[in-house]
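For reference, the chain that follows is the form predicted on its own, supplied as structure tokens.
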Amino acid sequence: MEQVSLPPLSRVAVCGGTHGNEMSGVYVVREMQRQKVEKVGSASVTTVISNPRAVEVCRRYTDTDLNRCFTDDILSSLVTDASPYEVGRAQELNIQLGPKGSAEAVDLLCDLHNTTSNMGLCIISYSFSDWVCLHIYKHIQKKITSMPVRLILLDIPLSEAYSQESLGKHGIAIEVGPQPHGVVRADIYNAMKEAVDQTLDWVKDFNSGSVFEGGKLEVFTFMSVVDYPRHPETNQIMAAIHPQLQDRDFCLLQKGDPIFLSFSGETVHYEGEEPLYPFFVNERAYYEKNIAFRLARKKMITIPCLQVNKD
């Protein structure tokens, strides 16, 4: 692939507390604010506690999931006194960091999340061709060796992209786990802090004119979700994640592998014809969304060399 040149990244936003009980991002942002991190090289840095009401009460959200409120439809909806708090807050963030899809949006938005699943450090992005995000992932994967580093690509049109990082011209979510909601673990915090620091280092080097080599990247592309077995009349969950799957995010799931153990002792097996990779396995916050785990396909992609265009 030919070398690609892109404009400088002049404005960067680092956001924590989009979910108010995912504490690593909250503390990373507060520490950056305490240290007055406002520039990295030529780029300005904005730090934001995205959902202050939820952070104050240490809950994922107060009325509705803020990280599902950034679609074009929700951002353009009429907000009234009866609207969920998070809908109004999403529109405030869109004004501050966007508007989404506009020339005025921040150049890079980095949103910080924790998961209760054993996923290590994951970068989540929306596009196969966002060379900035893909090169940041390549850089982080090279620099961080304390835990696995993976990339999840959602491949959703920008208008339908529902999470906060979609407000930026380029956006990534940094997802680190396992960590229980409402607490902070030093190893998880340190991994997230290092990922943010490496992201800012990459931005500084990019703006300074460094050339980043391209090459092949291993990525995981989202395919589908799997719900827990449920009672046909009450809809109550009838099984838990099988012990052979628990804590084994990104293991290859073959047809016939155990995925659930019913409360009466019966094993439920994976019936998919295509071997896929489970992630967000037994994520606490996904019980309300009827998701036991998500499934991804692993593939190799090629990215070009990248350099800043200062013209």
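Note that this is a predicted model, so its numbers are computed, not measured. Just count from 1 along the sequence shown to find any residue number.
FYI, the form predicted together with a further copy of the same chain isn't displayed, but the following is about it.
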Response to the item:
With the partner omitted here, the residue among Y189, W202, F220, F212 that in the predicted complex has a heavy atom within 4.5 Å of a further copy of the same chain is Y189
Worksheet item: Check Y27, S264 and N282: does every one of them have a heavy atom within 4.5 Å of a further copy of the same chain in the predicted complex?
Response: yes
Item to complete: Please run the contact check for L121 against a further copy of the same chain in the predicted complex: heavy atoms, 4.5 angstroms, yes or no?
Response: no
Item to complete: State yes or no: in the predicted complex, is some non-hydrogen atom of P52 no more than 4.5 angstroms from a non-hydrogen atom of a further copy of the same chain?
Response: no
Item to complete: Indicate whether K255 is a 4.5 Å heavy atom neighbour of a further copy of the same chain in the predicted complex.
Response: no
Worksheet item: Any of the heavy atoms of Q236 lying within 4.5 Å of a further copy of the same chain in the predicted complex?
Response: yes
Practice prompt. Go through 246 to 254, 39 to 47, 64 to 72, 267 to 275 and give me the stretch that gets within 4.5 Å of a further copy of the same chain in the predicted complex, heavy atoms only.
Written response: 246 to 254
Item to complete: Taking a further copy of the same chain as it sits in the predicted complex, which residues of 28 to 60 have a non-hydrogen atom within 4.5 Å of it? Please list them.
Response: R30, E31, R34, Q35, C58, R59
